[in-house]
Every structure is written in structure tokens, then in C-alpha cells.
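Presented as C-alpha cells, the chain that follows is alone, the form predicted alone.
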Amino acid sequence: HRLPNICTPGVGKTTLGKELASRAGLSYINVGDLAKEGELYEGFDEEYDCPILDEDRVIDELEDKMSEGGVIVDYHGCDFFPERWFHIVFVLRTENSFLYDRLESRGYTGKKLQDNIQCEIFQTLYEEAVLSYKKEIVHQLPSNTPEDLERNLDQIMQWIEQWMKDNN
């Protein structure tokens, strides 16, 4: 009984990922938390005031779980994960006015705030995803309001049900 692996880079991914996991019976993995617990870092970035992820160690850590299937991976990007891991990638997009307030309320300031906004303006995440995966598995979803969240959950649940029919 196979289950799909899903990556949800972008904004609002944690709320979506957790809710989706509980509705669909998938496992939810927050890569940031995983790295923190296993100290999967290779240094510290002074400019961004945050540790630098050791991508190879993260991949080693997740490999077995990913090959079993049924995993939602929550990370702000997805371009360094092996292409074979994911059956679908949903990039969550937000309008900058919403994003600015959301990040500011989390205490993001200066460069970190600017870069997060820039990244969204230039569609960086979407472009990275399209370059890293087959175009047909990468989808964008709006992530501005609670209504968007509900709609996205419904849409992804439908996709999962269809995938299960096609692949089992």
C-alpha cells in the first residue's frame, strides 16, 4: 500500500503540513527541527544569524523514511533533495503585504526580513522547484488567508486520493 511523498516549500507550510499529515495519515517531518535535534549543521552564517544546514547529512538522515513513502517534508526550499523523493511539490505563495506583516510579527528584521520578501517577489522558490523537479509535479498554491488554507487542504487531499487510486 504505497503513499506519496510531498514537499511544501513556501509560506504557511507548517500549519498546512501538520494538518495534512493528520488528515491523510502521512508522516510530517520538519527539516529545521530534524537538523536542530541531530545537530545537522556545518557552521554558522553570521550574516543571517543562523546555522548552516549540512544538506548531505539531512539527506542521509531522511533516506530510509523517504523510500518507505507517505512523508510530508516541511522546509523553506526543496532544491537540494533528491528528485526521486517527491511525487509532488506544492509551492505555497503569498502576497508581499501579507508576508511582511507575518514575518515582522515573528520578529524577523533586517536582512532576514528583506531576503524573505525578495525571495517571494522573485518567485525564487517556484523557479528552484521547477528546475529541480519535473515541471508537471510542481504546483503553486496561494497561501494568504485561512480560506486559502482550507482550499489547499481540500485540493491536496483530492490529489492524494487520486494518486492512491493510480498507484495501488
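One-based numbering along the sequence shown. The structure presented is a predicted model; accordingly, all values stated were derived computationally and were not measured.
The protein also exists as the form predicted together with a small molecule; that form is not presented, and the subsequent description refers to it.
Interface residue remark: Gly25 is not counted as part of the site for the small molecule in the predicted bound form, having no heavy atom within 4.5 Å. Although the partner is absent here, Thr14 lies within 4.5 Å of the small molecule in the predicted bound form, judged by heavy atoms. Interface residue remark: Leu20 is not counted as part of the site for the small molecule in the predicted bound form, having no heavy atom within 4.5 Å.
In the predicted bound form, Arg106 approaches the small molecule with a heavy atom inside 4.5 Å.
Among His139, Arg57, Lys36, Arg102, the residue placing a heavy atom within 4.5 Å of the small molecule in the predicted bound form is Arg102.
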